[in-house]
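So this first bit is one chain, no partners, the form predicted on its own, shown in structure tokens.
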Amino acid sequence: MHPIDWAIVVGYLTWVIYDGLKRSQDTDAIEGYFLARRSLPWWAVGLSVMATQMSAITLVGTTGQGYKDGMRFVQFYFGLPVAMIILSVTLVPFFYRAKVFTAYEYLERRFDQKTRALAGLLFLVSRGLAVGVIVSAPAVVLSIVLGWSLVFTALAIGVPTTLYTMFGGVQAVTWTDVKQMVVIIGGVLATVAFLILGLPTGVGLGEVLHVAGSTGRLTTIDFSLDLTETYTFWSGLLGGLFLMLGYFGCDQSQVQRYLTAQSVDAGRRALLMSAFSKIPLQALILLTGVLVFTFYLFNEPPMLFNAVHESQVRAGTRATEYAGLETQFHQAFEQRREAAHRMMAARRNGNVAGMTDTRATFTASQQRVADIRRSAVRLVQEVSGDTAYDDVNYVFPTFITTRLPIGLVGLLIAAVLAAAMSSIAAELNALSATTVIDFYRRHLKPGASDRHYLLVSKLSTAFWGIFAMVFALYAANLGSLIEVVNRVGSYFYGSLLGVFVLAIAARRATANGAFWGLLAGMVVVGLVEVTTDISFIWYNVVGTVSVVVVGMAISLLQPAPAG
């Protein structure tokens, strides 16, 4: 990168860390450290709720998803507004008035210690894995920008963030979230402006979107009832509803956000802020990915977006084969560019018959480009032995560092890093809260001083930071990062949601019913994953229903003893 870009990155991150630590107040007590003494304004909490979701994965994974598949990923969030309204009416006032530190603390009050411990353990596993994915996203960016190894970049991101979280407390995390949301939105809007202003002379935005639409990338709604498809209207509305209820209602990283609010109404406003802004913002980021696709219609992209893997293939025994694919790719790109121009010309001239013919020609040329790229990816998989390698995570980072002007590169890299640091900090703070409150204070050392618990909280944060960095090295090659983090969550959220449904809505549910129902939900999700091809988003429905059915059956067959 240019020295100006480095100055922007270093200056921004220095300011964020300094200002975040300066704003940390009341962190000498456990309630101040984890809940900011329930004193934060609703708008800051609302931005923090959004920022915890909108990590570097959003910029790296979602834009790559938009480039590859188009806008259909936005259907994933169709259940979000409904979920937020339900939670605003039910769990927000419930948890807030219960005066709990963690969501799982209530489960012992309602059921017993073992149900609380199992739910807390499932959260620790699911979020511990997810935060590893969050670390891997910016590590992917920096490994390309700087030519560093993935191991070094994961450490470079994870170590300072872990240290910052240990000392900053939830107040520093929240105010950092506020800043990173401003930078992310500003960076995305600046990128969109660059992509639109950078269109070839005489080519309009409507024309290139028409071309992108011919590939299906502008298809937003799919009413298919195919359960194997992840991104459909019904999977997003129903499966997504259960996922969002589980995530925002039962995941400590989100529950902790609205427990820091000044009041129940402030917590509600924070969730509703996210409910009605998330889909438009997600659509904007997906559209950025689509516009990157249109940019590469006229500017030849690399055949592989990961320069490290490309270098490995070039230096190996199959370099000749790769060079042959490059020649084919260049020819296919030229044919696609010419077909795109002819398609736009036919549309401009109102030539209906010509539009049909040119559309077919362009679609065929696009398919040819995609096929060659798939062949190149397979070649990388065979040479490296990494059968899970997917090029989609490298699309947007490569575009940022090779195509954006000086200054804007620094802004986007700062946005990615700030998003990563903020989200990692929020997750680590929640993991530490659950570890200390639900396990250490409950089982190992009850009745100790706040000073002692704060020390253990910081050590716990360090442990989870190390765990996340280790898993990040594996997560980077699992495929689309935005899918990976949602897939990991979907194994757990349905079952966690089910046990809270039993706790709050089923008066006859017993402790044994809740515990064995929660275990049964996890087992059933695992069996469904192994034996069927249904999309992971439906695991949330499967888990919830399984927990409720099994839990109520056991509760009715073995009611709690009287008295």
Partner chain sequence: MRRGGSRFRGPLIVRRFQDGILPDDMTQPTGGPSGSQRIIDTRGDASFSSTYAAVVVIEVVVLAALWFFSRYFSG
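Numbering follows the first chain given and starts at 1. Model, not experiment: these values are computed from the prediction.
Here the subject shifts to the form predicted in complex with its partner chain, a form of this protein not shown in this document.
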All of 106, 209 and 213 within 4.5 Å of its partner chain in the predicted complex, heavy atom check: yes
is_contact(residue 419, its partner chain) in the predicted complex, heavy atom dist at most 4.5 Å: no
Proximity of residue 491 to its partner chain in the predicted complex, heavy atoms at 4.5 Å: no
Interface membership of residue 451, its partner chain in the predicted complex, 4.5 Å heavy atom rule: no
Distance check, residue 328 to its partner chain in the predicted complex, heavy atom within 4.5 Å: no
Options 526-534, 61-69, 501-509, 45-53; stretch whose heavy atom lies within 4.5 Å of its partner chain in the predicted complex: 501-509
Proximity to its partner chain in the predicted complex, single hit among 192, 85, 163, 319 (heavy atom within 4.5 Å): 85
Contact residue in the predicted complex, from 341, 269, 309, 179 (heavy atom within 4.5 Å of its partner chain): 269
Residues within 4.5 Å of its partner chain in the predicted complex, restricted to 273-292 and counted by heavy atom: 275, 276, 279, 280, 283, 287
